[in-house]
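The form predicted alone is given below as one chain in C-alpha cells.
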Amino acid sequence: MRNINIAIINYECGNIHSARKAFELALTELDISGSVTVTNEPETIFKADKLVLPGVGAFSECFNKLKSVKGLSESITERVHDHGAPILGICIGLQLLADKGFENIESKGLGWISGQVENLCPDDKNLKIPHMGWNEVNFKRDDGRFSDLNGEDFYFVHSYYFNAKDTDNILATTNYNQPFPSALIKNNIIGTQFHPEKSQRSGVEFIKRFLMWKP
C-alpha cells in the first residue's frame, strides 16, 4: 500500500498531541508508511489522504475558531466534498458537522450531516454531566469495517450529543440512561462522540480501521 498522509487539523480546539501519537501508533501497527501532520495550512490539507478534525471546548467557540483561520474551512470542505477525502471528526469535531448547536447560545455548524447538537439530559439524576469515562459503544451497521468493534468500551467526555435527523447516518449508539448516537457516518464523513485517541487499545483499533477505510 502506498503512503498515507494524515492531516490533523489544528484550530486550537483539540487534543492535538494525543491524537498525533495515536495515529502514529496506528500507522506503525498497520506497517504502513505515512505521515501524521498537525496543520492549519490549506496547502497541506489539499495533499492529505485522510483528515482528522479533533475538538474540545464549546461548540460556538470552536466553530468560530475554525472559521477564523483564513482558508481553513474552505480547504477542508473542498478536500472532503470535491475530492472525496475521508474525514474523522472527534467529539466537538463531530458536533461541528451538524447543522447547528445549542451549547450556551445557538450557533450554526458546518451542516455536513443533518441534525443538531443538544443537551445530554439523562433521566437518572444520579448520572453526572458531563458524561465522563468509559462506556460501551454498540455499532448498528454490519459494514465489514467498524462493526467488529461492537461492544467495545471507549472514552467519553461530553455534555452534549449529536441528535441526527436521519437514522441512516447513525453508525453506533451508547447508553447513558438513554441511548444517544456515539458515531455517525455519511459517505466519506465519519465522526465519533468518544475519543479514540484516549481509548487505549479500542481507540487504536478504531483508528486503524479509519485509516484502512475506503468509502
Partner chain sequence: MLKTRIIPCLDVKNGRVVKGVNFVNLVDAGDPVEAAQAYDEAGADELCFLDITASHENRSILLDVVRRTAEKCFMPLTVGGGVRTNKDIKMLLDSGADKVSINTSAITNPNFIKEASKAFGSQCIVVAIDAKSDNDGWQIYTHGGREPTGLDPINFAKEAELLGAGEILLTSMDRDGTKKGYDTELLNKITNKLEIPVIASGGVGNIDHIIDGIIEGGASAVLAASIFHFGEITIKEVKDKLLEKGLSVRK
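In this text, all values refer to a predicted model and were calculated from it rather than measured experimentally. Numbering follows the first chain given and starts at 1.
One more form of this protein, predicted together with the partner chain, exists but is not displayed; see below.
- The candidate stretches are 127-135, 110-118, 77-85, 93-101, and the one lying within 4.5 Å of the partner chain in the model of the complex by heavy atoms is 127-135.
- The partner chain is not shown here, and in the model of the complex it never comes within 4.5 Å of any heavy atom of Asp49.
- For Asn175, a non-hydrogen atom is located within 4.5 Å of the partner chain in the model of the complex, even though that partner is not displayed.
- At least one heavy atom of Gly57 is located within 4.5 Å of the partner chain in the model of the complex.
- Put simply, Glu41 is far from the partner chain in the model of the complex: not one heavy atom of it is within 4.5 Å.
- Scanning 180-210 for heavy atoms within 4.5 Å of the partner chain in the model of the complex gives Glu197, Lys198, Ser199, Gln200, Val204 in sequence order.
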